[in-house]
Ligand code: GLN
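The data below hold one chain only, encoded as structure tokens and taken in the form predicted alone.
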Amino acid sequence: MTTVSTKDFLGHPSGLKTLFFTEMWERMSYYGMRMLLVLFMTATLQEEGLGLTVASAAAIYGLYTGSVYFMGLPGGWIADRLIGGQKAIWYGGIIIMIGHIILAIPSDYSFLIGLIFVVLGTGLLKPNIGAMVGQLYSDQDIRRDSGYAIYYMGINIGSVIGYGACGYLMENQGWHWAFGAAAIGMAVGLIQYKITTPNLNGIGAKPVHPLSKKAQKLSWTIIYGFLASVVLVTYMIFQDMLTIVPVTIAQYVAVAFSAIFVIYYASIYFFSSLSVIEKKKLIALLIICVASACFWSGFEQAGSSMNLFTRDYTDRIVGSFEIPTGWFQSLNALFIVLLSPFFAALWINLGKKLVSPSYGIKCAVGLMIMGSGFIIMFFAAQHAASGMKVAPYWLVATYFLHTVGELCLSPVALSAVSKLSPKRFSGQMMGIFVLTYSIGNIISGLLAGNYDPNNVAQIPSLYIQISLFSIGIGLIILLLGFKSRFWENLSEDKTTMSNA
């Protein structure tokens, strides 16, 4: 592994600056555009939207966000085996930018084509830029965790910029100006990436595990075949040769992703000659995977049902200024920036006092805290059902609880994957874990489809159902966590002793 000793960016390798700003601008484009999707799809034709039902729009939103995470699996493989991380980031960014440019074109065909480009490009860029941050440091470099903290800050700064710029343009200039702003953000990220690529000192320049010439040829044939099938299916949709029902497709994809997760997980558990200890750790990790999928199915309401609630039932007037709908989603990123140091210190101080909750217990608490945020939305929706627009602080409180839940679960779950996975399957297990994001996002879209803006009386029941489901699953995982905490701390040394 290459180690870069240059201290050029906040005491870290100069390559971190390259990756920080590339990711910042990519996230600006991603979150800015993600915020627009459901609002654009449900806006009437007179408002220059697509005029889709909430159920269809939410299903498409779930399919889009779920596919972004799913495509990270082949995207990471392509970088590792075919082209290297640097090229994956470069070409992925270009494809993302093209997608946003297509979305900015007012056309009956541009929306679907643009989304496909963004999904494919993000699948190439996102997993590889995160992996390259780790490659900047040796295994013994104590700056690694700090480097990832700085990198994560870039993600949140980018999302705030995206919500701010695209949200303002959406309200004041129109949808396609906002989509165009996302394209400009990605273009800025690409320009700085190209200029500062030498800072990476060759990291990611070549595939980590290159294939043979014959295998490369076969792989590219499969990739081109997949892309050709995407083009064919898109053409058939536009020619009305293929009828797409978004909700039905989302249901099938959710089942398919879940089946892939179960089959892959079971194959490693039953057919990989694992030790007893490794199997117990995998059971503990499975509990965390379930928590992750359930968490994101609720958390991702931010871009769908909660976004619509903000638009339709929240009093956004402050003096003579109307707060753009999308700006409320930036609360999550702002709270993360404010609260991350507190949570980092909390886990360290608990560890010093020998009171360190297990991964399962932390994830259960995070899931229940996120679910409690929907109790607030339940009461807010009841106020809306009585005919009043609700004050913004209802949403502020909800996003605060969702962020606290995220900080309890998300980084903890990633750490659990790295610790509890069998070492020889660590990469594959991370890929399997990413499927929980995809499953959660698609289920989130299906749940949001029950939001009916024309029947506000039904909205409270949607939020209380999500809350009770999240808290109920959280309680089950909490109880299981008291058992699984013993499995999380088992070591192979104990296995050897017990077998002796």
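Computed from a predicted model, the values in this text were never measured in an experiment. For every residue, the number given is its place in the sequence shown, counted from 1.
The form predicted in complex with this ligand is left out here; the points below concern that form.
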Does the 4.5 Å heavy atom contact test between Asn441 and this ligand in the model of the complex come out positive? yes
Glu406 versus this ligand, in the model of the complex: is there a non-hydrogen atom within 4.5 Å? yes
Given that this ligand is not shown alongside this chain, does Tyr437 nevertheless sit within 4.5 Å of it in the model of the complex, heavy atom to heavy atom? yes
Looking at the partner-bound form in the model of the complex, is Trp296 within 4.5 Å of this ligand by any heavy atom? yes
Just one of 25 to 33, 459 to 467, 39 to 47, 446 to 454 has heavy atoms within 4.5 Å of this ligand in the model of the complex; which? 25 to 33
Contact check in the model of the complex: Tyr69, Tyr152 and Ile155 versus this ligand, with a cutoff of 4.5 Å between any heavy atoms. Do all three pass? yes
Taking this ligand in the model of the complex and a 4.5 Å non-hydrogen atom cutoff, the residues of 107 to 127 making contact are Lys126
What direction does the Pro411-Tyr193 Cα distance move in the model of the complex compared with the shown chain, closer or farther, given a change of 3 Å or more? closer
Direction of Cα pair change Leu414-Gly84 in the model of the complex, magnitude 3 angstroms or more: closer
